[in-house]
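Take a look at this single chain, the form predicted alone, given in structure tokens.
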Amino acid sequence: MSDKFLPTNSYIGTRDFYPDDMRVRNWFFAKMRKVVESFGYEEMLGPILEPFDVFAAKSGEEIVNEQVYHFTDRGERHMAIRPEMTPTVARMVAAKSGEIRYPVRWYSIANFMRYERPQKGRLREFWQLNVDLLGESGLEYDYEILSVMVNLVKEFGADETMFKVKINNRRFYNDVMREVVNATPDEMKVISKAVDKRSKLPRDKYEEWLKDSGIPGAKIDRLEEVFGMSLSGLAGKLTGDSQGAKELTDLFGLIDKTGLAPYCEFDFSIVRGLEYYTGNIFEVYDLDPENRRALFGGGRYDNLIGLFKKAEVSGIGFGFGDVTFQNFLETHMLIPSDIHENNGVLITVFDDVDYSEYIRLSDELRVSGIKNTIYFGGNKKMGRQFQYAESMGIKFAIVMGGNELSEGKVIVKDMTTREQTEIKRAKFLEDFRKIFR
């Protein structure tokens, strides 16, 4: 046998999820499901592999050229591991467009791969909640997605001092770039890429990027001016009617009439990197000074279905990644301290009791919906068994040795309070339920 062992570490930018990690993730995803399903969204899922062209058509130059894991399979098909979900959603809707009743409210929780430099808040493999609302464009659609986003963050205990939803519109952005900044179409592409990274770069690096890309200094100065202007101020500088300005104005008008106003603000610097966005766009930001970054975002995409068939279906949605949001929860101490408590039962075992008695006890608990474990350790000293229960975070230990069995009783020990309760074996389930919580 070789002395050289395989490495135990996971692939760079990915994570191993041990039971403690899974408790946090299951809690995390359960809350997500609760919120989106309360709005009437149904869960769906697509394959982790798609033809490369599905993503190449609309996922954006940076993702396609630099981040997609792709390969040619044994059938000479050019395939990609999904870097996002929206193109898959569009494909699936197109596949059954004649059968689907609109609006479509779908969500998924899936893992994705992007070849990025691992850093805080960003890994190569990540899990993401994706929420999509497809049917028509309209104020009510945009507002509903925005409401789902805000309610998701609030569900974890966050308030308006911890996060803000920043809102812009791609049509409005293009109008301002063209008329106010006087940017050419080629300059707009360069500026959009730089602006999308603006909050993550030092000011001098951001300006250097623009200058090195051929953007004149006067236009860079004009950009800074428009970033500081209000929605009405920018809209007033446009010479004609702007569909994007109207979409934003109408949306904020509705926001001001509901309870979302404290959580939302206009921000012209929000552009979103994916090329398929066409209307209102959103990004949720952490307000903590130590973690000021985008947590997740989304927006409207018109006629993405048209990539797959002759059909016009507008959609709006967002992707909610687990890595950055878990950092947010940890920063604001929103993960419950008792999340690792194991509200289960350990059945202690003794040599003077036939093992079938413990199996019978375990079956009774399990059938009644109470999870439990029979102790398997070689050392059956009571103290060692109690230590095992504590190490596993188990709430209750059940003691039924030979004496207890002959006397027709069971002892229940609360491992947190150290209190012991004696219960008649014949009434075990009935009386234990009064203690178990």
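Numbers follow the displayed sequence, beginning with 1. On a predicted model such as this, the values are computed, not experimentally measured, just so you know.
Only in words, not in the display: the form predicted in complex with a further copy of the same chain, which the text now covers.
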property: Heavy atom contact within 4.5 Å of a further copy of the same chain in the model of the complex, the stretch among 70 to 78, 205 to 213, 163 to 171, 189 to 197; result: 70 to 78
property: The single option of 307, 287, 201, 339 touching a further copy of the same chain in the model of the complex, heavy atom within 4.5 Å; result: 307
property: Heavy atom within 4.5 Å of a further copy of the same chain in the model of the complex - the one residue of 411, 370, 32, 405 that qualifies; result: 370
property: Partner proximity in the model of the complex: residue 266 to a further copy of the same chain, non-hydrogen atom cutoff 4.5 Å; result: no
property: Contact test in the model of the complex: residue 9 vs a further copy of the same chain, heavy atoms, 4.5 Å; result: yes
property: 4.5 Å heavy atom contact, residue 28 to a further copy of the same chain in the model of the complex; result: no
property: Close approach of residue 426 to a further copy of the same chain in the model of the complex, 4.5 Å, heavy atom; result: no
property: Stretch 14 to 49: residues contacting a further copy of the same chain in the model of the complex, 4.5 Å heavy atom cut-off; result: 14, 15, 16, 17, 18, 19, 22, 23, 25, 26, 37, 38, 39, 40, 42, 43, 44, 45, 46, 47, 48, 49
